[in-house]
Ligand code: GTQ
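Below you'll find only one chain, the form predicted alone, shown as structure tokens.
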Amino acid sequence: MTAQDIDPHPTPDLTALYAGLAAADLQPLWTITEDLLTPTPRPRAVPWLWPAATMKPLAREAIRLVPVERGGERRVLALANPGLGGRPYAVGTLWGALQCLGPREVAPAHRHTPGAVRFVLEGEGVWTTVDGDACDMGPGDLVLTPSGQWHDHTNAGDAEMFWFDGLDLPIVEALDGVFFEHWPGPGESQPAPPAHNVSESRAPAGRRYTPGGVTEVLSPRPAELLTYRWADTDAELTRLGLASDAPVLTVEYTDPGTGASVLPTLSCAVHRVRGHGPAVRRAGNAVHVVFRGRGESVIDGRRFSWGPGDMLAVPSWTAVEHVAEAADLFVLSDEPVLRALGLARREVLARPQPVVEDFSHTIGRRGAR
């Protein structure tokens, strides 16, 4: 709304007032209220899908053409949501990306204030060293790189590895809190540790998964456990499945020491879809990554078909429902931030969404909306 909309025939004095406000870098609230205080969230990010069939060939070309060395640091393909005007973010508050590491490569050590998670999609023989703890990585494993901790990636094998990177970078950027440092040396990586997976052996006894996908516990510190194994995640989902006929089962990874989300700003969960799930919307953003299985999702009336390695953007307050016979989706969200600020809100729709657009055959083409 503009001043002209409010008063189409302003007096000379009113015109002078608006000119004076603009010259003083002031804006009258009565002309901008509708843009600031909306009835529901209006994210600029749009529902979207990045297909593995498009990303992986490009990642392999990057392995061939772009060496991992100081200056490049990481070979990462960032998800750039078409609604965000070219920003390299999957949704407004979350960075999502496909990272790839070639055979016998080492990505140099660095650290930064944004916290990160890695969910492995494909490959073996790789570990991420987090503040001196070498965390072995395999398909379906979740590895944490909390804020401010040194980390580098090592591929000791003869095959490439692909994983999903998730960061709270847009949140930290919005707070003007981004700091970054290269490893000071000697060398470009942390010294080889004498043992791997130390955090697993030292992790406190406690629940590593919360059924239902939402822990109510808040904590300002990250989980002490740095690696969550797919075998354990799968076993927990299987256990829940034997006791329920729900079409979608969900577990959230939690800090066994506190019961809180794995990072203060990021929630990680897995949906096991085995039917037609309900349409759910929540305040806050999410990225869904298909680990295994095939199916489709309707996000605010837009239908997307997906398979292993595909990644979906689910912006704030967009209804999302999944349909599959048997599929597992990793979910990254900003849920802890919303809960800490008292802004968390969820709604389950009473009926399935009508499909108004079908993106199943157009995703990946430039300009498809």
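Start at 1 with the first residue shown and count on from there. Note that the structure is a prediction, hence the values are computed from the model and not measured.
Unshown form predicted together with 2,5-dihydroxybenzoic acid (GTQ); subsequent notes refer to it.
Colleague: Pick from 111-119, 185-193, 208-216, 80-88: which stretch has a heavy atom within 4.5 Å of 2,5-dihydroxybenzoic acid (GTQ) in the predicted complex?
Modeller: Single hit among the candidates: 111-119.
Colleague: Taking 2,5-dihydroxybenzoic acid (GTQ) in the predicted complex as the reference, which of 105, 255, 165, 236 has a non-hydrogen atom within 4.5 Å?
Modeller: Filtering the options by heavy-atom distance leaves 165.
Colleague: Can you work out which of 229, 292, 221, 74 has a heavy atom no more than 4.5 Å from 2,5-dihydroxybenzoic acid (GTQ) in the predicted complex?
Modeller: Checking each option against 2,5-dihydroxybenzoic acid (GTQ) in the predicted complex, the one that comes within 4.5 Å is 74.
Colleague: Given that 2,5-dihydroxybenzoic acid (GTQ) is not shown alongside this chain, does residue 143 nevertheless sit within 4.5 Å of it in the predicted complex, heavy atom to heavy atom?
Modeller: Flag for residue 143 set to no.
Colleague: Would residue 272 sit within 4.5 Å of 2,5-dihydroxybenzoic acid (GTQ) in the predicted complex, counting heavy atoms only?
Modeller: Residue 272: no contact with 2,5-dihydroxybenzoic acid (GTQ) in the predicted complex.
Colleague: Using 4.5 Å between non-hydrogen atoms, is residue 279 touching 2,5-dihydroxybenzoic acid (GTQ) in the predicted complex?
Modeller: Contact check for residue 279: no, nothing within 4.5 Å of 2,5-dihydroxybenzoic acid (GTQ) in the predicted complex.
Colleague: Please determine whether residue 155 contacts 2,5-dihydroxybenzoic acid (GTQ) in the predicted complex, using a 4.5 Å cut-off between heavy atoms.
Modeller: Outside the cut-off, so no.
Colleague: Using a 4.5 Å cut-off on heavy atoms, which residues of 76-108 contact 2,5-dihydroxybenzoic acid (GTQ) in the predicted complex?
Modeller: In sequence order, 76, 95, 97, 99 come within 4.5 Å of the partner.
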